[in-house]
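Next up: a single chain in structure tokens, the form predicted on its own.
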Amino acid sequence: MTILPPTAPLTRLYTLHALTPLHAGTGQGVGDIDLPVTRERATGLPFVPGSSVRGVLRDALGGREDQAAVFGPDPRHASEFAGALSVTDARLLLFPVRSVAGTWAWATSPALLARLRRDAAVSGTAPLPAVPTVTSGQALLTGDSVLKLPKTAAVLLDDWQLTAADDVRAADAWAAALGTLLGDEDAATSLRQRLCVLDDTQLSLAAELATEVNARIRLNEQTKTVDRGALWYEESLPAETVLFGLMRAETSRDGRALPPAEVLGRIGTHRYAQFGGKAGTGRGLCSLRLDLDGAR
């Protein structure tokens, strides 16, 4: 029997768009919030662990043979062979922030765009625009932006007053590129109106202070009053948060030797799924898109 050499691994970019608030939590907190979202230790920015994304996709993939080929056999037989798909953490790309004009903005920053640009280069996605420069107190808006107060250059996001930059070319270029990446015409239109590039410090502040924090209680079944100690606060990423990451596929090791393109094909280009916790309260409905084609 001739054994064919394995095909080279294939890496592709994916995006995760939260349609409802997303709680990808740590399980416990040390501050005022009992159930905070997961954050990167170095930057403090929220993210969704790759293991969580991979677990959701495994559950969503029908057929035991395909599940084993793509993600490896079930835990009882985990030592037989490894899965063919690895998934990185989904990191922050666009964060929704309340705006006095236009209701809300899709905020990002040069550091987030630089990360996306680097991952896009790894995955073979079509080149993205250059990373813009933003000074403190400034906001880069598009030519069609709805975020400026009438007849002024003022932009009021949450509790912060910023000044819109005169040059709209960088934001226009990124709005077009991100619209293509998200593959959704409604999202592309919204980006043309709401994209706002902030400096990195301002974006970090927004991602720390502008998440959703909800108080939750548990009622006693008999008395219908709150159980002692059954009041807690949980944090979620707001609806419209967009994150991104990479998926890397190898030839499957299950005997069928599915090539990397077929492994990624099992995931598909688009699917809706529930990510994170609190599904019973409607949290975590997301749109996941995988850029199967790479460079266009």
Partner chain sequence: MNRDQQRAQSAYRQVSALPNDKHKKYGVLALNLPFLIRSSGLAQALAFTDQKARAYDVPLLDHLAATVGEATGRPSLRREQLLAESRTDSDPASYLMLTREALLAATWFKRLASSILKVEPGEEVEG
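Residue numbers count along the first chain shown, from 1. Note that the structure is a prediction, hence the values are computed from the model and not measured.
Just so you know, the form predicted together with its partner chain exists too; it's not on screen, but the next bit is about it.
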TODO: Report whether the minimum heavy atom distance between R41 and its partner chain in the predicted bound form is within 4.5 Å.
DONE: no
- [ ] Using the partner position in the predicted bound form, report whether L209 sits within 4.5 Å of its partner chain, counting heavy atoms only.
- [x] yes
Task: Heavy atom of A173 within 4.5 Å of its partner chain in the predicted bound form - done: no
Open item on the list: I'd like to check something about L219: if you look in the predicted bound form, is any of its heavy atoms closer than or equal to 4.5 Å to a heavy atom of its partner chain?
Closed with: no
- [ ] Have a look at L205, V168, A101, A164 for me and say which one sits with a heavy atom within 4.5 Å of its partner chain in the predicted bound form.
- [x] L205
Task: Contact assignment for its partner chain in the predicted bound form, among T189, T152, T201, T133, heavy atom within 4.5 Å - done: T201
Task: Candidate stretches 265 to 273, 250 to 258, 54 to 62, 230 to 238 - the one whose heavy atoms come within 4.5 Å of its partner chain in the predicted bound form - done: 230 to 238
Open item on the list: Please determine whether each residue of G25, F47 and G124 possesses a non-hydrogen atom within 4.5 angstroms of its partner chain in the predicted bound form.
Closed with: no
